[in-house]
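A lone chain, given as structure tokens: the form predicted alone.
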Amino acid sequence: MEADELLVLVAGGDQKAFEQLYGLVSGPVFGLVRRVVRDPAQSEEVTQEVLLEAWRSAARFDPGRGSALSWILTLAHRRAVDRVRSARAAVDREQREGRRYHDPAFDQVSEEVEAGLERELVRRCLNRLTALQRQSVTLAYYDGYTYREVAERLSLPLGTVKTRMRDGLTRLRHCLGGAA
């Protein structure tokens, strides 16, 4: 029997027809819900809710407006989207509440002082590099150029820039690591 015929029988309370309908549509329903919800456990739960809704509201199905499968998949899509929205709203509520009652676990003044000290240490370590290494590192890490762009900007071969960068970064790591 086709899903359309089975759903009409389900509307009359036929449990056997529902078992057959369940076998026909549960796979496509779960697949659709899984794509929307993503979480397997939530997808199983939503699929069960949709099939229960199909059992309870089968009398509302109108074969003149479309197939039984498309009607059930529409129910599934709506329920899955509702679940995602509900979950998102719950997370948003929790985050708002968390921010409302959150006392910062840090002292902003000490954080700023520490950041300033770290910046000064980096400046001192950069000054220990050769001028060529410092120029390459500064262009790449502070100005955001790629190695290739640094090479073009300095009119140097890419390999030379890579070597300067490697040597400069190695010296920086030793300088910063030794001070830490």
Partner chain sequence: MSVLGPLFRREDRHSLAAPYALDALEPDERRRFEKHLQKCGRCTVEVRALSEDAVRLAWSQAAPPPAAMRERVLAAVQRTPQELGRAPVRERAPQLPPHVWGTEPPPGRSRAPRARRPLFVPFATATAAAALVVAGLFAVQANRTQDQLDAQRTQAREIAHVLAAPDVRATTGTDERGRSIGVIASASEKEAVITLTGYADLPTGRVHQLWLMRPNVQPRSLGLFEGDTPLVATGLDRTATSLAVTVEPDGGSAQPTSQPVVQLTLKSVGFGE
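Residue numbers count along the first chain shown, from 1. Superpose the two forms; the largest set of C-alphas matching within 1.5 Å is the rigid core. Keep in mind it's a predicted model, so treat the numbers as computed, not measured.
One more form of this protein, predicted together with the partner chain, exists but is not displayed; see below.
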Query - is_contact(Arg88, the partner chain) in the predicted complex, heavy atom dist at most 4.5 Å - result: no
Requested in this report: Would you please decide whether Leu52 lies within 4.5 angstroms of the partner chain in the predicted complex, comparing each non-hydrogen atom pair?
Outcome: yes
Query raised in the report: Is Arg38 close enough to the partner chain in the predicted complex to count, meaning some heavy atom within 4.5 Å?
Result: no
Requested in this report: Report whether the minimum heavy atom distance between Ala3 and the partner chain in the predicted complex is within 4.5 Å.
Outcome: no
Report summary line: Within 1-21, the residues having any heavy atom within 4.5 Å of the partner chain in the predicted complex are Val8, Leu9, Val10, Ala11, Gly12, Gly13, Asp14, Gln15, Phe18, Glu19
Query raised in the report: Is Ala11 one of the residues whose C-alpha moves 2 Å or more between this form and the one not shown after the core fit?
Result: no
**Report entry** Core-aligned CA displacement of Leu21 at least 2 Å between this form and the one not shown
**Finding:** no
Query raised in the report: Once the two forms are fit on the core, has Arg60 moved its CA by at least 2 Å between this form and the one not shown?
Result: no
